[in-house]
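Quick heads-up: it's one chain on its own, the form predicted on its own, in C-alpha cells.
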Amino acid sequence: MKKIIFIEDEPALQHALTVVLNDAGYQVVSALDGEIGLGLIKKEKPDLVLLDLILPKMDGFQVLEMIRKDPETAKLPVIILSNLEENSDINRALELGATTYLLKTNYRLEEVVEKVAGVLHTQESAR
C-alpha cells in the first residue's frame, strides 16, 4: 500500500481528501502544519507528499525546500495543492522542485486522487 503524507491546515479538506484517498487504497498520514509534516516525512518515508503552501509554523515553500535539500527525500514526488494562483507562486513551487501544482478550486477530490495515481505510476515506471 502506497503511503502519502498530506500536509494541509484546513481540517475539513484534510479529512475529506483523506477519506477519498483511503477508499482508493492509499495509506494517508496527515499533518496540520509544515513543521510536523516535515518530521512525518522523515519518520514515515512516504511514497508521495501532498502539500499546501499556506501553513502555520513552516510554509509549504520552506517544507519543499527542505525536502529537496535532504538526500533521502530529494527525489520524493511532491504535489502542491494550494489556493495560491499567482504565476509567481506557481513558478516558485515548480522551481523548488514540486512535481506538479494543483489549484484547490480547480479540482474535485476524485481528480486529485487521479493525479496522485498518475504521479505514483510515473515514478514506478521511471525505476
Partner chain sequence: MHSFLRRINIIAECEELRWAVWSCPPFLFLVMGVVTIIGLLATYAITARFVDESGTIIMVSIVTAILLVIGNAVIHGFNKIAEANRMKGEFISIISHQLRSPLSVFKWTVDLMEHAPSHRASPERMTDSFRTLRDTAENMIELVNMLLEVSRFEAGTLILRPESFKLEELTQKIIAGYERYAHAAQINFSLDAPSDLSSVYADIERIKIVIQNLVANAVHYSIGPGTVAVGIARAGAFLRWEIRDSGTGIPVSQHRMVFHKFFRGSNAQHQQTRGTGVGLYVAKGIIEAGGGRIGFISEEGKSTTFWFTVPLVQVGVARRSSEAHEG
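Just so we're clear, the structure is a prediction, and the values are computed from it rather than from any experiment. Numbering follows the first chain given and starts at 1.
Same protein, other form: the form predicted in complex with its partner chain, not shown, and the subject of what follows.
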Whether Glu10 contacts its partner chain in the predicted bound form should be assessed with a 4.5 Å heavy atom distance threshold; does it? yes
Hey, in the predicted bound form, is Gln62 touching its partner chain, heavy atoms inside 4.5 Å? yes
In the predicted bound form, Thr100 touching its partner chain (heavy atom, 4.5 Å): no
Taking heavy atoms and a 4.5 Å cut-off, does Asn83 contact its partner chain in the predicted bound form? yes
Among the candidate residues Ile90, Val29, Met66, Ile54, which is the single one with a non-hydrogen atom no more than 4.5 Å from its partner chain in the predicted bound form? Ile54
What residues, if any, in 92-127 have a non-hydrogen atom within 4.5 angstroms of its partner chain in the predicted bound form? Leu103, Lys104, Thr105, Asn106, Tyr107, Arg108, Leu109, Glu110, Val112
